[in-house]
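Shown below, as structure tokens, is a lone chain in the form predicted alone; questions about how it binds or moves come after it.
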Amino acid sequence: MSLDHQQVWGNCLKMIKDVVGDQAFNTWFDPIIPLKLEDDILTIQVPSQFFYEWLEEHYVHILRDVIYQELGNDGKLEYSIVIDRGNSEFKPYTINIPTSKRRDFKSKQDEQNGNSNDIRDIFKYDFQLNRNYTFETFIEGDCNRLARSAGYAVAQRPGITSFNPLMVYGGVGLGKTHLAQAIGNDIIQNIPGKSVIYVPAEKFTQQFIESVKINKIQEFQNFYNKIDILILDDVQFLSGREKTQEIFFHIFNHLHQLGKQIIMTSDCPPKDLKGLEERLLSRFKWGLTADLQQPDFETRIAIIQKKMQADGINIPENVLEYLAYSVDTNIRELEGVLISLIAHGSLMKRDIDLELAKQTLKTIIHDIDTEVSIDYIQKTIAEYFHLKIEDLKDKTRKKEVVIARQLAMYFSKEYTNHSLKSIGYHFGGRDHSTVIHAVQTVNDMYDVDNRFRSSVDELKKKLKMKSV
């Protein structure tokens, strides 16, 4: 049956979505249009030269792998780049750029260790690590210093340190996968001959189920028993899967007894993992458990600077600080905002400034767009007291301005998810203690001043109308 370009690209997108974040997928892959498929060459249209360069720089290995999966060893990719968008009478003007044919889709680990393609066929798994995940691109801060130091020590002497197993845990988007793969990439780069396998727990489970179906359980276990460094990502997904836990228990014991390195990630510490056998949990505690926390302001600044430097892009200091203060949840969301900001600037052909940053965040951060934001609170308070928004950020100590500013800080704490430090930043760079004092002052005055209470209640109604 002949393949259709729409079908092939649709299958590629399914695989791509499994390995990139939602924000990156929506920004860089959703806009791509498949044009044709001829002689195992899939042609895709991208909206600009910048778009093409970004894909080639950051996602070329993913694109080539999915093309290989769909079209085989002779599969190629060709870009059709829109130079002029045209009009209703003339089609867009484009240029075509073919990618170079990939000489081989086996990973470096396979080349070094002679892993059989039969194993890959049985388990339908690509052992390639993400080459962008390195220690150089992993920004160190107080939030992750222990985990990064331990990971680096393991990379230098896998299986020899007391950090075996190494368990790294933390919330979504804090860099667990990045750090785990950085260890693997470092070992491959500096210790030739070591076999490194990175596998998400979900994929490990799927492989095991497949081996049961085709009566290859022993081959499955033998394959993992020969590995030098095993990286198991998101181990919490083994919860409730008794047979998978049992096979992993035996693999774990075998590798550990031979001095092989085991690295795992989880969304919580071992003591809080539910649905896992106690004998397995006890082994998770043999080595070192290190956590990743939410990045502080300084670390977020460093992440943005590193990202912009890598992409050769300069952004004003006020934009950098605005992003660092506004996105204080996790690294993945921060990187998603940066990707979108760069894309918006390119597609709209405008410089990155504070206004563009605010527009971009409105399309990404739920709190900024659909709920009450600090900007909206400041606007509402300023209009109510017949002031300018700048007055709320100014250093003036006029009584009417101070009261308005304290109310704006109070409502910012009540109606947004911003930290106290972030709120203070939006009011002229004040510190968190000023915000705490403002909230306490509003609460005290609300209890004793009827006129003030009436104003607060009226403002609450105005702000609630926005949040509905």
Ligand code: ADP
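Fair warning: this is a prediction, and the values are worked out from it, not measured in the lab. Residue positions are given as counts along the sequence shown, with the first one as 1.
What follows is about the form predicted together with the named molecule, which we do not show.
Stretch-level contact analysis of 377 to 385, 189 to 197, 138 to 146, 351 to 359 against the named molecule in the model of the complex, using heavy atoms and a 4.5 Å limit, identifies 138 to 146. Residue-level contacts in the model of the complex: of I303, I247, I81, I342, one residue has a heavy atom within 4.5 Å of the named molecule, and it is I303. With the partner removed from view, the residue among D391, E321, E210, E335 that has a non-hydrogen atom within 4.5 Å of the named molecule in the model of the complex turns out to be E335. Shown alone here, V172 lies within 4.5 Å of the named molecule in the model of the complex, counting heavy atoms only. Proximity of F252 to the named molecule in the model of the complex: non-hydrogen atoms within 4.5 Å are absent; the residue sits far from the partner.
Proximity of N225 to the named molecule in the model of the complex falls outside the 4.5 Å heavy atom cutoff. Contact annotation for K260: none of its heavy atoms lies within 4.5 Å of the named molecule in the model of the complex.
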